[in-house]
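Consider the single chain below, provided in C-alpha cells and representing the form predicted on its own.
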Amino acid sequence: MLFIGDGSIQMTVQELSSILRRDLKPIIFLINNDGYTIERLILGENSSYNDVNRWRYAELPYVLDTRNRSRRLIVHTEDQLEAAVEQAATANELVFIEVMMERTDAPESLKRFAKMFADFDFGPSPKATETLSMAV
C-alpha cells in the first residue's frame, strides 16, 4: 500500500511507470487535496506556491502502461472509499484510488503540529503560545 499526495506524485510519477513495468500490484491511494496541504498549514494557506497543476491522476496508470494491468477508482465519500477498498482487497492488479479531499482537510493533530512548526521556524504568533500550552 502507498499513500501519496497530489503534490508528491507530481515529483515521483515516473516510479508508477516502473511499478507497472515490473508488474507489481500495489494499492495506491492518491490523496487529492489540491496542492501542498501541509505547507498550507505551516505557512500560506492561500499562497499560490502551494498550488499544483491539476492532473487527471486516476488516468495515470492507463497513460503509463499499454497493457491495461490496473484498476482506477475515484472516491468522494466514505462509503465510496469503503467500496473501493473492498474492490482492492480482491484485485489481482495495481489499484489506483484517487481520494478527493478538501484543500485543508487534515487531522487536528497535524494542524497543531503545523502551527508549532511554523512558530518554531518563523517566530511565535499569539495563537502559538495557546497551542503550545494545550499540547503540553
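Computed from a predicted model, the values in this text were never measured in an experiment. Start at 1 with the first residue shown and count on from there.
There is also a form predicted together with a small molecule; it is not shown, and the following applies to it.
Enquirer: For L24, is any heavy atom within 4.5 Å of the small molecule in the model of the complex, or not?
Expert: L24: no, not in contact with the small molecule in the model of the complex.
Enquirer: Would I38 count as a contact of the small molecule in the model of the complex, using a 4.5 angstroms cut-off between non-hydrogen atoms?
Expert: Close contact exists here: in the model of the complex, I38 approaches the small molecule to within 4.5 Å, heavy atoms only.
Enquirer: According to a 4.5 angstroms non-hydrogen atom cut-off, is N33 in contact with the small molecule in the model of the complex?
Expert: N33: contacts the small molecule in the model of the complex.
Enquirer: Is it the case in the model of the complex that G5, S8 and M11 each bring at least one heavy atom within 4.5 Å of the small molecule?
Expert: Checking in the model of the complex: G5, S8 and M11 are all within 4.5 Å of the small molecule.
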